[in-house]
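Each of two forms of one protein chain follows alone as structure tokens, named structure 1 and structure 2.
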Structure 1
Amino acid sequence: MTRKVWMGLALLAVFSLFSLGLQEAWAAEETVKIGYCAPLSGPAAAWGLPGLEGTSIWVDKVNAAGGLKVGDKTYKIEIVKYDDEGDGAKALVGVKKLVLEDKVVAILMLGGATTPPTQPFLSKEKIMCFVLIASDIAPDRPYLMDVTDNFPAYHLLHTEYIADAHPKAKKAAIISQDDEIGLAAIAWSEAGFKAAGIDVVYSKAFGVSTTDFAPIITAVLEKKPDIISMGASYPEFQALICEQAYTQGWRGIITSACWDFGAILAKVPKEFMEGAVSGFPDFDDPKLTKDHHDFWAEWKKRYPDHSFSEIVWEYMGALDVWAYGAQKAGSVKSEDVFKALKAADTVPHSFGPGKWFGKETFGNDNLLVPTWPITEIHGGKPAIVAYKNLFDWLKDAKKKQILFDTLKAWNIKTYQ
């Protein structure tokens, strides 16, 4: 079966859900609430706020069709939001409100710094929590899942692609902020470059309060890298890093977990970013499906002045996975949905059928892994240039050992 057919089948769940029973729904009998506890302000807001755009499109479409048919009931969907500002203490207040007062059955979160303080409570209450940070998965967080974003694992695939497509690029520098997200990105990126035979000449975290990147980039460029990886730098950092690299005269290959491309292009000409590598296409990419394109058209219609990023669809993508699990379980109860999802051999993901992964690296197989797209910036816009699969990468025992050795060197616990 071709990739496009697989993706089309998956997206019957991922965007329309009509094939799963919505056409049979009439007036919704009850309302089911999903919590949205993410940074809607502060330095990580670009990794939280745009997600409301995608979830609003999803909710409107489901409710306009009459609701979500689960078992013998039909539910109207409601998103209850809470701004945690990327702060752990505020996130704990938020999830307690959402669960105890609003009675949500699942919570969408960014993850990272907000995960450690919130998970003991959510685990006790047996509430599913969908994050975008796979390195948050742990044995004592049984209901925490990453079902859309394959961070930080996809850094292995980005670096492999760079080695394949740019064999003359032999030296890499890696920088990201000094927090849970940034350090995970540095470690997995370093492992990927080493496994690909690329020399890592600079690999350091910067403080989260950094505003002047001139001395950092000066130190990076002294090592003469062919590649600069921004790891998982926050969007506001990405623009400043690129500005300094451009201003100081560097030209080479840039890679990152993701982009806030509008912010970057406000600082540098689009030619500077030509060929930059990541893993998130715009949803009008010709290699994607009609359902992707329809979502893109609706989003552009609603938010014509906004720049697209992976955040727009990732929280929405978690809603699709939750709905798939609820319909398989015939229940919206958190534990029932969780069990139904984990019992499935494959689960629909926006980029095709996903399989569960993570036992050796994170302690739980709670990461949903599809075959992942690789993108390059062409003419100021990301374009899919290849597809790669994490399971294929891990088949190489030597590469796999490099990964575990590198994670250990960065004091990141594994379960090999």
Structure 2
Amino acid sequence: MTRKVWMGLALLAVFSLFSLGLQEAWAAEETVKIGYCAPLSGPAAAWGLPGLEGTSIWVDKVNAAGGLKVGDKTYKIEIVKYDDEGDGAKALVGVKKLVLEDKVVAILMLGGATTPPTQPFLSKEKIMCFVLIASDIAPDRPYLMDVTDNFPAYHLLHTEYIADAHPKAKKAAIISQDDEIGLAAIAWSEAGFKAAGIDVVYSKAFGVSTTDFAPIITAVLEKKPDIISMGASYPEFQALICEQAYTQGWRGIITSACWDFGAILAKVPKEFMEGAVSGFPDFDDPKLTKDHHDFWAEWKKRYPDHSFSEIVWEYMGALDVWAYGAQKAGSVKSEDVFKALKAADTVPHSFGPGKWFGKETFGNDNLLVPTWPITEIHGGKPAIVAYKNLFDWLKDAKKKQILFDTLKAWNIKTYQ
């Protein structure tokens, strides 16, 4: 008897799982699907899950307004998720399922380890893929674009700003974790400092499993830097680096790609972080637009106890760009949207109109570059203090040469 009950329960469980799958299959006729293939479980999920918060706010807003009007049709938007666990083989299965099964017209991905195995297929199918890491752009990946995050290019702007604002600072140290992201950050930051006339006295990557930063900071401080750049150190490293620099008695200017303030301010006093430079504002910054503020308010309402990170916004920012391209093309077909986006002189980016860039550095003009904000920490909160444009920076041929030389020295391929 009990065995039968158990069998029944097991069958029920299997059926409910199937029906879950079926629900996803029932879709309204005029729905356009966009794939979301990122790590949603395991240690890398911190890179995938927050993005869903932003995209769901975006999708709900568009659908509540009746859908996205493209040409003479109105489409509801649906995000189809796939958990790639940060693993290349699973990501390949994922993008195949999304493209062949769900017929998505574009895919949002993190980039990095999952890009090499998935790109040959996505290029062949001509499916646009939006990633968050510009250094994934390559000549043989025509449909891979980075339309939100200007990493690692914005490091050039941060360093230039620091050189302008702190003329006395002469020596800089750069550290970031030893992976593709960290190494790109180190190389571009080093180029930025050199171009701004600041000596780089220490630039080294640390292993991703590092838990103790005391020896690293001891080695850094031995070089007596005025500036410490954390490159693109992950949140769990930043606070520890700051803490070590503080407790080993160093005072100076800190810069990083982005911040996790809650954690840092738990370790070091506010004063230590005063004037620290980065490129990501909170979206309630008075210098930003009403759209940003509305998004911030909505996000705060939905996830009151989550901490804001650029990941929350970036996937959503990619959807903005995609929608613009679709409306301009009058079609949701991947290739049409792609052509429309690439044909546009300027494309609206969250931080203002952006232009395509990347041919010389990545081999393809697939990075959307707007005028990027520079933020400084004042009273424990980032505030926009300036806007800078990468194209202005690149106008100086000498600086440009320094950039290419440095990238070459760091073994990063360029396409000059």
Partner chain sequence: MIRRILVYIVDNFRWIGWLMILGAVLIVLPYMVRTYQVEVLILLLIDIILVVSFRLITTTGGWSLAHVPMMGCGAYATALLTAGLGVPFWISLPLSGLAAAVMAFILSYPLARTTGFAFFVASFAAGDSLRLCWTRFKTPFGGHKGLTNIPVPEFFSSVDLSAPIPYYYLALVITALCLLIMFRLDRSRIGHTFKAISMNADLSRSLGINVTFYKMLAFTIGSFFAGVAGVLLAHRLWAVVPAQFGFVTTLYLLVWVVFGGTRTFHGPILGVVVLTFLSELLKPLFEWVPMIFGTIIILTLIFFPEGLEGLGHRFTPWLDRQRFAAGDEPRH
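Basically, rigid core = biggest C-alpha set you can superpose within 1.5 Å across the two forms. Since the structure is predicted, the reported quantities are computational estimates derived from the model, not experimental observations. Residue numbering: sequential along structure 1, first residue numbered 1.
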- request: Only one of these is the form predicted on its own, so let me know which.
  value: 1
- line: The residue among 85, 66, 73, 343 lying at the hinge of the motion of rigid parts between the two structures is 343
task: Can you give me the hinge-style rotation of the smaller rigid part versus the larger one between the two structures, in degrees?
output: 9
- prompt: So if we fit the rigid core, how much does the CA of residue 41 shift between the two structures, in Å?
  reply: 4.8
